[in-house]
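First comes one chain, alone, set out as C-alpha cells in the form predicted alone.
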C-alpha cells in the first residue's frame, strides 16, 4: 500500500508505537471494514477454486513446491481465505487459516462451504496463537502484504516456531520494504521519495485503490490502522532468533500488487520490490 496514495497518513505517535495491543486492535477494525472488498470478490473466488485453480503467484508456488504429502498447512493472516484454500488446491491435505477479523473469517467459511475444502478457521492474533496449535503444522505460510500489519515481530516469529512440527517449513513471500523509497517519475523511471526506511510504524486512514477498492464507508470515516514496513534485517533477525533455521533469503524485482504501473518494465527490474524467506524448525 503506497502511503502517497492516502490523504490521511502520519507517523505513529510515541504513545501509539508503544502500545502494540492497541495498534493491533485498530488494525482489526480497519480490516473488518476492508472485508467489504473481499466480499465483492467472493463469486470469483468460488469460481476459481471450484474449477481447480488457485490464486498463488508463480514465485509463491515455486517456493512452496509440491505440497502433496503435506498433512497440515497453516496460513497466517489469511483474510478471506482464497490463498489458504489455494494451498489445498496445490496439494496440502488440510489447511488452517488464522486471522483476527471475524468478518474475514465469516467470508472464508462461506468460501469453504462453496468449494467443499478440508479447512479450519481460527480467529486469533498472530501474537497470541492458541496453544492447541503448537507443533501441528508441516507448513506455515505467510503471503503478500502481511508482515507490515504486525507490530511485534519477535512475537510473530516465536508463534511461527511454536506452530511448526519438528522439521516443518516456514515460507514467506512479501513486498520488499525498500519499495517505498521509490516511486514513478511520470516518464517511466524512478524517483526517490521522502519515505523513511527506518521510520517505524505509520498510521493511515483509507486504502490505496490498487490495494483495496473504495469502501462504502468514506475514507475520512474509516478506522485508523497501523502499518510497519520492517527492514529486511529486522525480519531476518526475528526469525533467526526464534527456533528456526534460515534456509534461503531471496529478493525479486516483482511488484506483486501493481503499485508502479507507470514505471517501464526495464526500470522495474532494477530494484528489489519483493522478497522471500524459507526456514525450518530445528
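Owing to the predicted nature of the structure, the values given are computational and were not obtained by experimental measurement. Residue numbers count along the first chain shown, from 1.
There is another form of this protein, the form predicted together with a small molecule, and it is not shown here; the text below is about that form.
Undergrad: If the cut-off is 4.5 angstroms on heavy atoms, which of these, 119, 139, 160, 104, is the one near the small molecule in the predicted complex?
TA: Flagged contact: 104.
Undergrad: Identify, from the list 124, 210, 93, 113, the residue with a heavy atom within 4.5 Å of the small molecule in the predicted complex.
TA: Only one option qualifies, and that one is 124.
Undergrad: With a cut-off of 4.5 Å between heavy atoms, is residue 201 one of the residues that contacts the small molecule in the predicted complex?
TA: Heavy-atom contact with the small molecule at 4.5 Å: absent for residue 201.
Undergrad: If you check in the predicted complex, is residue 169 within 4.5 Å of the small molecule, heavy atoms only?
TA: Looking in the predicted complex, residue contacts with the small molecule do not include residue 169, since no heavy atom lies within 4.5 Å.
Undergrad: If we define contact as a non-hydrogen atom of the residue within 4.5 angstroms of the partner, is residue 89 a contact of the small molecule in the predicted complex?
TA: Taking the distances in the predicted complex, the answer for residue 89 is no, it never comes within 4.5 Å of the small molecule.
Undergrad: How about residue 144 - does it come within 4.5 Å of the small molecule in the predicted complex, if we only consider non-hydrogen atoms?
TA: Result yes; residue 144 sits at the interface with the small molecule in the predicted complex.
Undergrad: On the criterion of a non-hydrogen atom at 4.5 angstroms or closer, are 38, 75 and 83 all touching the small molecule in the predicted complex?
TA: Yes, all three are in contact.
Undergrad: The small molecule isn't shown here, but in the predicted complex, which of 247-255, 230-238, 23-31, 215-223 has heavy atoms within 4.5 Å of it?
TA: Of the options given, it is 23-31.
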